[in-house]
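Shown here is one chain on its own, the form predicted alone, set out as structure tokens.
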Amino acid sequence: MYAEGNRMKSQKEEAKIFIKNDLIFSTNLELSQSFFGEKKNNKVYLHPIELFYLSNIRNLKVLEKNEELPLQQIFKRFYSPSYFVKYNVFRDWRERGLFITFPERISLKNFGKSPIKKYPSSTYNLNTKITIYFLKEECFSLAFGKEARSLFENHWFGQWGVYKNVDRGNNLTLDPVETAYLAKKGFKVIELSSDSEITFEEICKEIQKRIPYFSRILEVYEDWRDRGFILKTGFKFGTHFRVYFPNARPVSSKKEWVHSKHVLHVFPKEVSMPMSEWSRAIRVAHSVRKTFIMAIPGMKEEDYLKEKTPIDFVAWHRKSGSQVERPDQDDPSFLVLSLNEDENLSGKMLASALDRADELGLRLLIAINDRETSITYYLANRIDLPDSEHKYYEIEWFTP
């Protein structure tokens, strides 16, 4: 990185940039050797973001009609929405000694660099059919007796007694999602205040009053539960669920409480999430050493066709050790989506970007530009949940 910087500094007088009819170019072909611009007809044609980077950071002169343009005029001339956010991501990546360019400059294909995390799957038989008492006003449910305790101990539905102290109390408490799931599986549910049976549809209608997008949350819960995973509330971690892999039980053979290693957040396609909220949830998961899983339910083929999220950059990273990938020798590693910390991202937009990364065999980097122009990166890795029609991704805090 420093060698390239020194070389560019020594060339700053001769490596001038020219603007003519809104085309940006330089006659110094060594710019292309540092992987700036596109080389055509003995000129290097530059993108407006590269122009601002080279003039602002590398101090190259910019001329139009033989007059040198001041920096503010350069910026104003080529400014468009999101220009500064994209510029900061480009600057940050280049200042790390890494290479980055624009998707239209490379021949896009499947690069085979998108690892898929394979998750296990198992089946279970709910051979116990207990009666559940639904508290409509609170959306919790209670169950009693030996079979209710067996449902907790063998399948980890609800909480018997008190959290982390099963011997204090003799009832099973089921949360709203567990109640709806068991009702759908054929369990008898009695609405307590009326002492009459209530249907699955009626239960969901009541819960929907309290929990927005409950049908989407239930959809994800059912998808994982049917494959043997245990999902419990993730409230303490700012997510919808904490996740335990198949065959987990609430208490180990050593009488120790079992801890989760994954949390799952449901991001319906209809919802927009502030990037600040996104960052908080992932940071909390990272701080307690849990893998953050993002679920985007409800996506259909037509949604991907309608919602084509623009990809800002294609980026190269590092090989083993400190060796850097080079555009003239190596395939890229990432697609990069650039966002502002105050910006909202919808589930549909994120799903579209992730789908594009999957198509190209690249991993998606979400680059968040904060108010001090620092960039935080989040890396998405696709999960293979056997026979699921939905897509899930592990999202991790990433340092290039």
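Everything numeric in this text was worked out from a predicted model, so none of it was measured. All residue numbers refer to positions in the sequence shown, first residue = 1.
The same protein also has a form predicted together with another copy of the chain, omitted here; what follows describes it.
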is_contact(Ser107, another copy of the chain) in the model of the complex, heavy atom dist at most 4.5 Å: no
Partner contact for Thr376 in the model of the complex: another copy of the chain, 4.5 angstroms, heavy atom: yes
4.5 Å heavy atom contact, Ser287 to another copy of the chain in the model of the complex: yes
Pro327: touches another copy of the chain in the model of the complex, heavy atom cutoff 4.5 angstroms: no
One residue of Leu98, Ile130, Leu135, Cys204 in contact with another copy of the chain, assessed in the model of the complex (non-hydrogen atom, 4.5 angstroms): Leu135
Among the candidates Gln208, Ser260, Ser121, Ser279, the residue which, in the model of the complex, approaches another copy of the chain to within 4.5 Å (heavy atoms): Ser279
Another copy of the chain in the model of the complex: contacted by all of Tyr45, Leu63 and Val251, heavy atom 4.5 Å: no
Options 319-327, 240-248, 295-303, 110-118; stretch whose heavy atom lies within 4.5 Å of another copy of the chain in the model of the complex: 240-248
Any residue of 363-381 that, in the model of the complex, places a heavy atom within 4.5 Å of another copy of the chain: Ile368, Asn369, Asp370, Arg371, Glu372, Thr373, Ser374, Thr376
